[in-house]
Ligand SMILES: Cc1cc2nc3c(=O)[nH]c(=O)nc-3n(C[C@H](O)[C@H](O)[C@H](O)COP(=O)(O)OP(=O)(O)OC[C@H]3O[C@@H](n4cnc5c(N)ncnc54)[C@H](O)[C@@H]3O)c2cc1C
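Coming up is one lone chain in structure tokens, specifically the form predicted on its own.
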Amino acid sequence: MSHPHDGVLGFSDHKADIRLSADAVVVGSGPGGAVAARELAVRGLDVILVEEGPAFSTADFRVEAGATMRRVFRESCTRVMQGNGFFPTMQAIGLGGGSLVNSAISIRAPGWALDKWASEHDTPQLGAGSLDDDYAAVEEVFGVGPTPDAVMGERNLVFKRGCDALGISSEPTPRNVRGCKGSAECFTGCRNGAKQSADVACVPDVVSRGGRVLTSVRVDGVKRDGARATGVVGWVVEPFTGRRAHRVEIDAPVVVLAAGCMATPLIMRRSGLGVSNGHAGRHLRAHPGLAVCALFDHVINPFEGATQGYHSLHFLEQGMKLEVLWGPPAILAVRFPGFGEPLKRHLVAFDRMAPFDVFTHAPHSEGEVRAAPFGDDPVISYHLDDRDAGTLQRGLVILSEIAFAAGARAVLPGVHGVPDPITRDQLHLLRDARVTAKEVTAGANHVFGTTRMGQNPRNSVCDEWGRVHDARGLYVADTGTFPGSPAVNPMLTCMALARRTARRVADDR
């Protein structure tokens, strides 16, 4: 059986300066870029896909969280959005992008969320049902299906039992996997090779159709002829160090930027393209999230079962998605309160814990991505509005109620000023607390909106097909194009929109 990375060029393959040409160059191999490159290749275009990070195979994955964070995440997993609080955010750097290390959650945006885009953000062609064909096509390529009972594990099932007891609807989480064994190692890379990450699901099709895939290539800017994009320039960079080795120049009449909503607007700004109205990099939106850890008397063994195999969309229109959560124990243990003996008591009870999380659409919160005065990493700001923090607080209360309904004896809410742990009789302390950005550490790994779509060139960066308003031949195919929240995990919608954009690229030729 062939390896999914056969034909992919890496750092050691780049011996000198690179000068290439193609029909289209796609920058970034995450879910958006890989889908766009595959669709273009399938439609007969000569495609070059470039990725700044290296290719990671199953043999390269390390179950130890620290090693993964240093090697697979930007800024060694220390990236943070700063504003009225500190909001950790993680972006991967490697072939396949975030799909390498996310939980494989693949959910269609509800029709009402897309209708909201259409009515509030000037994207009338993207209402309910507009992406159905693209969703279906992507789901087939990525093997999306509901998580089967056989790989749930007690951590997921106890969440279901709690929801059932309270009459809260819940369901198995749809995920892009084939043959999942429930090893709960999504965050550190699937060593079983079951996760259908973008490098597994899309890159082989790009290569088999004559496309070229170059890893360890960082794009610094878009080449231009007036307002026309004509290719990209950048460097070969050494994995893990970022050391520049050789110059890269790729000529192409079509440039698709899919470097992620943090990097794409900075590439555009450095190139002087798509920035005439000043909106590139602005309107950063996110799904800030918080978690509780439920403590049970019976063994949960939370390190067994699908990473995030069950969820509830019951409160989605109220701004909340509820999920089962898991990650490497060393990361989750950071949330445990106390030092010394109290901390040790939590650690020895790990096998009887079940973490649940809530994230909010955060419609009132926004940020910005700017270039740093030195170095390549961006400066990211974000302000969590008190109204959105209040939604997270309500979510924590509901998660705690689910845990208690499932038989938990206590929960760790992780909110400053609220005792850790609390029992069912103390839940009013969490319900009545005043929660703002300063009382919590809300992670935000779903980020979008910095190159948002819209019909009006005065307040958007690209149109509903991802075409940049004031730069011919330049397209965007990552979550930056989202004009608002998709209400659920963004990966599947990003891939559907990327396929839609690639279809338009092919039709425009």
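Bear in mind the structure is a predicted one, so any value in this text is a computation, not a measurement. One rule holds for the numbers: they count along the sequence shown, beginning at 1.
What comes next is about the form predicted in complex with the named molecule, which is not displayed.
Undergrad: Given the stretches 117 to 125, 395 to 403, 86 to 94, 361 to 369, which is the single one in contact with the named molecule in the predicted bound form, using a heavy atom cutoff of 4.5 Å?
TA: Residues of 86 to 94 come within 4.5 Å of the partner.
Undergrad: In the predicted bound form, does V50 have a heavy atom within 4.5 Å of the named molecule?
TA: Yes, V50 is a contact residue.
Undergrad: With heavy atoms only and a cut-off of 4.5 Å, decide whether T230 touches the named molecule in the predicted bound form.
TA: Contact with the named molecule, no.
Undergrad: Check whether R38 has any heavy atom within 4.5 Å of a heavy atom of the named molecule in the predicted bound form, and answer yes or no.
TA: Close contact is absent here: in the predicted bound form, R38 is far from the named molecule, nothing within 4.5 Å, heavy atoms only.
Undergrad: Although the partner isn't part of this model, could you tell me whether T451 comes within 4.5 Å of the named molecule in the predicted bound form, counting any heavy atom of the residue?
TA: T451: no, not in contact with the named molecule in the predicted bound form.
Undergrad: Scan F315, F296, F336, F73 and let me know which has any heavy atom within 4.5 Å of the named molecule in the predicted bound form.
TA: The residue from F315, F296, F336, F73 that makes the contact is F73.
Undergrad: Could you check which residue among S103, S130, S271, S170 gets a heavy atom within 4.5 Å of the named molecule in the predicted bound form?
TA: Exactly one residue meets the criterion: S103.
Undergrad: Within 4.5 Å of the named molecule in the predicted bound form, which residues of 247 to 261 have a heavy atom? Give them in sequence order, or say none.
TA: A258, A259, G260, in sequence order.
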